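What follows is one chain in structure tokens, specifically the form predicted on its own.
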Amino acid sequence: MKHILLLSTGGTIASRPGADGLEPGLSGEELIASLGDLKGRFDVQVRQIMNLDSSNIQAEEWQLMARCVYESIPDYDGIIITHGTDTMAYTASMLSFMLQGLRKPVVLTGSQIPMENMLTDARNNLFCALAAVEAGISGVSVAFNRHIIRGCRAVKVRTMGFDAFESVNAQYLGEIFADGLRVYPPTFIPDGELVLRDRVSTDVLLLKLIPNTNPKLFDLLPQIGYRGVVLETFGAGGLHFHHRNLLEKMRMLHQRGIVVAACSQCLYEPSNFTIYEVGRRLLETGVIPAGDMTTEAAVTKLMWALGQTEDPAQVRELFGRNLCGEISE
């Protein structure tokens, strides 16, 4: 029998109608009770660590979750975290970086419809998470709509559909079919023992470039105290320097010790800044390419790396390393 800890954090799965709309109200114990009698197959312990809409989950909550997992994981076969869907991909990515060397399952799940609604997808998603733990799918993952996704590859792509999450630029860890759960060979195996590295910097900005982006915008970042920027660039990787020269601002940020990482606005396939002049000239400014990382992974990885060191060169080295399967090698 698998011994499982469920950490309840709120989200749609635990929501009830309130005066101003849906708001978290169900406890973790009530969520598990809704699944029926699991005593013959799982020993599930529940801990309510917060009760928030995931839009309110930030660095402090990531640290609390990571510490709870780190302290509890030796006593369990796996941990399930119920979580709102809106920022679940950010949380799953950040936990992947904070919990280095994780070899047991830590599975995030939630739902598009609250548990108490007769049309809910919550039960199937929770059963999917239990199946992932039972199968021993190691590391941080997201269980949703009968798919198991590596945490640092999950992206929320739909607001209403039950297939809300996709695995971007990576194979699923597992899928549920009529004949059961199919687990696929892992493409990433961690080195070393489990270690908690939960320091982060919140002074990171995500900026999606558009044609006509005003270069003066970047002059504000040092004044505000930002230490890192993730740029969503065009296509395979590029930005404009004709009429409005963004390249000189990238050099300025680099000289000021502000780390800039760049990914593509395109959801699928990797960026490649060596193909076009606009990309090559961007690399010359000191910008770090993010490869085929998701935006969520790039943002949380930069926050995490800046929490480990104040040396931009060391941040660059950490960001370029494949730490939990977030980038294809």
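What you see is a predicted model; the values in this text were computed from it and never measured. One rule holds for the numbers: they count along the sequence shown, beginning at 1.
Keep in mind that the form predicted together with a small molecule is missing from the display, and what follows is about it.
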State yes or no: in the predicted complex, is some non-hydrogen atom of Gly84 no more than 4.5 angstroms from a non-hydrogen atom of the small molecule? yes
Would you check, heavy atoms only and a 4.5 Å threshold, whether Asn145 touches the small molecule in the predicted complex? no
Under a 4.5 Å heavy atom criterion, is Glu61 part of the interface with the small molecule in the predicted complex? no
Report whether the minimum heavy atom distance between Ser111 and the small molecule in the predicted complex is within 4.5 Å. yes
Of 26 to 34, 296 to 304, 46 to 54, 280 to 288, which is the one stretch near the small molecule in the predicted complex, taking non-hydrogen atoms within 4.5 angstroms as near? 46 to 54
